[in-house]
Structure formats: structure tokens, C-alpha cells
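A lone chain, given as C-alpha cells: the form predicted on its own.
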Amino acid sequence: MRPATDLLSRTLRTPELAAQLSLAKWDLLVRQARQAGLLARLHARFDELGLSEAIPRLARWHFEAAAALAHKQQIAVRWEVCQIRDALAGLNGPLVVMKGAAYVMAGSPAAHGRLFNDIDILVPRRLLNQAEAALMLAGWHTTGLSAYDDRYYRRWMHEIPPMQHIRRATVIDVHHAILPDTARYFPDPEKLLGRAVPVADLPDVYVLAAEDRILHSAAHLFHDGELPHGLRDLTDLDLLLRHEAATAHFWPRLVTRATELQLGRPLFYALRYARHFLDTPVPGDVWEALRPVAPSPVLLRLVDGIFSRALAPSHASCSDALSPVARQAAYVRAHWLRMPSHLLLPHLFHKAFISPHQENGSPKAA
């Protein structure tokens, strides 16, 4: 596997090394961290370890500005979740907040320094049309999608097209599952909803159970073909795992739940690359328990070549000659996992040769 020797990964693994960096290295670290969406998280890590004073004055304002933005976004996320809850008050079912917003609502360490592009929610499929109509009445609408992309979302995806608020420009992703129906693995959304836990200080709002938050993060990361913030998502997993590992019997519960939800293979990859990039501690018996779902040695070598590059910061200093090929391979692999070949090939053809010639101002590509 290609070593994770980029400066950002090394600093995330061993923040104490920051005190030894030259100004040129600090400049490079800022560039890599900004590209990866990790400036605020790195600042939070330095602050936690009492290393903030090691940041040179010329570089400090970059970190402080990112930290201020992250703090502002967390306040905004809490407020926005309240607006979503009010908009869906008539929904006869749970409102489950997922991913980054869930880390904030649950008070998870993974919220520290986390930046946001949107808010993800999960609603039962039977209530999807009702939820979309209620959100539209409250000001959220789909915008800028081509007819093809709109149809693609509604027919094949695990979510409806992204909805953007007409006044605040905030974006919601409304999911009815965490992976598409056509995916090779399909975690039953009813099992996820059945174990959702209430947010302590916000009635009628829920987050996924702790193990399910980890498994959803893993499934999202290794089924998403575009990874500009792959390392950020990997740090989410690292923080979630380190925090939950302190609870009794966490690791057996996690492996058992992964098997139940058909997510053993994504969990294997998540643990493998979290350890590779971030030295995430994983007990030996966990690897043994995941051996039945691990890929063959030949496939694993190929996947290592892809993700050891695709998950690195998307910065020229972190790339080699194979990095563009690896990112393209990750894109194709994700779509191959999400769709059977008779659907995938026409879709890739359309996205490669037709979509570029169409007007598309979508907040998120299909």
C-alpha cells in the first residue's frame, strides 16, 4: 500500500510534530488542510493538546478563521434542525438527523472542527412524498437539476434530489435509506430507524445509534465516487471509533451490527484505512471477526492502490502519477457497487458525454 506520508496525515497522527515545522512546512500544511476541509479540525486538535501556541503567527489566522466558521456553522446547524423539525411536525414518523449534523446534535467529538455542506435526514420511505411536500411549503425546493438527474435520483437513489432553502440557501438531503435499492449491499432502513435514539435537548429529533452512525459513515465513504473530503470523513470515523471504544463491549457490538446490516465489507475498509492514515487503534480480534467479509488478497491489493491515493488530500503535493487514475477508479467502483451493469453503463455514458453539454446548476451532482 502507498504510505500515508503527506504532511497533513502525519500531523493528524502526531500533532506534537507541529512544534518542529518550518514556516514553509506550515504553509504547506495549511494548503493541504484547507483542501481537505480539515483546517478547523486540526485547530481543535492543537487546542485540545495545548499546542495552539506552536502555530506561527503568520499561519494562526488561517486556523482561527476556520475554527470561527466551524463554530458558526454548528450554531446554524442546530437552528436549522429546529426549522426542519417544525416543518415536519405533521409527519407521522421520526425525524432522524445523520452524518455531520448528527455529530453536532449528539454532542460527539466528531463534531469538533467539523464543516458542513448540507444537513442529511432520514425519513421512512412511506412518508417521503409527505416530507418533501412539507419541506417545500417551508421554503425548501430542488433547484437546477436536469430532467435526467431528477429522474435518476427519484428512480434509483436512496434520497430525493437535494433541497435548497429559497431564502437561506441551506441544503437538505432527504434520505429514505443509506444506500440505493440497487446497491450490492442494502442495509434495511427500518432496522436503522428502529434503533434511533432521541436527542436529549431537542424533542422529536433523533440520531442513529452509535454503531449505526459509524457504519453509515463507512458505507457513505466507500460508496461515494467523489472523495474531495475523503480524509475528513476518515477523521470522522477515527473520532467516532476512539470515542465509542471506551464503552463496554463496543467492538463485538459493532461487528455484529455490521453483519446484520450487510456492511461488514465497508467496515473492514473503514478500519483498514483509518489505521493506515490515522493510526486508529483496532483490536486484533476485530480483524479476525471481519476475515469472512474481507476481500481476496488480489482485490485488496488493487483497492489499497486506489484508496491510499484517493483518500489522501486532493493537493498536488500529495499526488503521484497514479492519483488521477485512482480517483477515477474510485468513482467507477462506487457506481458499480450502487448499480447493476445494465443500469450503470448507460448512466456513465450519459454523465460523460451528454451531461457536460447540458445546463446543470445542481447543488449536488447525481
Partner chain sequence: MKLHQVPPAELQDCLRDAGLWLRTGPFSLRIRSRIPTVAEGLADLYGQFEVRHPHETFADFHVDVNAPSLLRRWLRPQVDFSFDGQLPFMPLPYDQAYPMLEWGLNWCVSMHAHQFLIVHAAVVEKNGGAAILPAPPGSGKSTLTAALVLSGWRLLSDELALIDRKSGLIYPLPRPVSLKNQSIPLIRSFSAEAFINRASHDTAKGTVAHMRPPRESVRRQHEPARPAWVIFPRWAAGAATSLAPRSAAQTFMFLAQNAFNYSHLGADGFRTGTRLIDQVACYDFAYSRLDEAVQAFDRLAETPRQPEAAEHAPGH
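All values derive from a computational prediction rather than experimental measurement. Residue numbers count along the first chain shown, from 1.
Although not depicted, the form predicted in complex with the partner chain is the subject of the following passage.
Option touching the partner chain, based on a heavy atom within 4.5 Å in the predicted bound form, out of 325, 299, 49, 69
So the residue touching the partner chain in the predicted bound form, by this definition, is 69.
Please determine whether each residue of 26, 65 and 315 possesses a non-hydrogen atom within 4.5 angstroms of the partner chain in the predicted bound form.
Per the other structure, all of 26, 65 and 315 touch the partner chain.
Residue-level contact is defined here as any heavy atom of the residue lying within 4.5 Å of the partner chain in the predicted bound form; does residue 31 satisfy this criterion?
Result yes; residue 31 sits at the interface with the partner chain in the predicted bound form.
Using the partner position in the predicted bound form, report whether residue 54 sits within 4.5 Å of the partner chain, counting heavy atoms only.
No, residue 54 stays farther than 4.5 Å from the partner chain in the predicted bound form.
Does residue 35 reach the partner chain in the predicted bound form, with heavy atoms at most 4.5 Å apart?
Looking in the predicted bound form, residue contacts with the partner chain include residue 35, since a heavy atom lies within 4.5 Å.
Interface membership of residue 59, the partner chain in the predicted bound form, 4.5 Å heavy atom rule:
Residue 59 belongs to the contact set for the partner chain.
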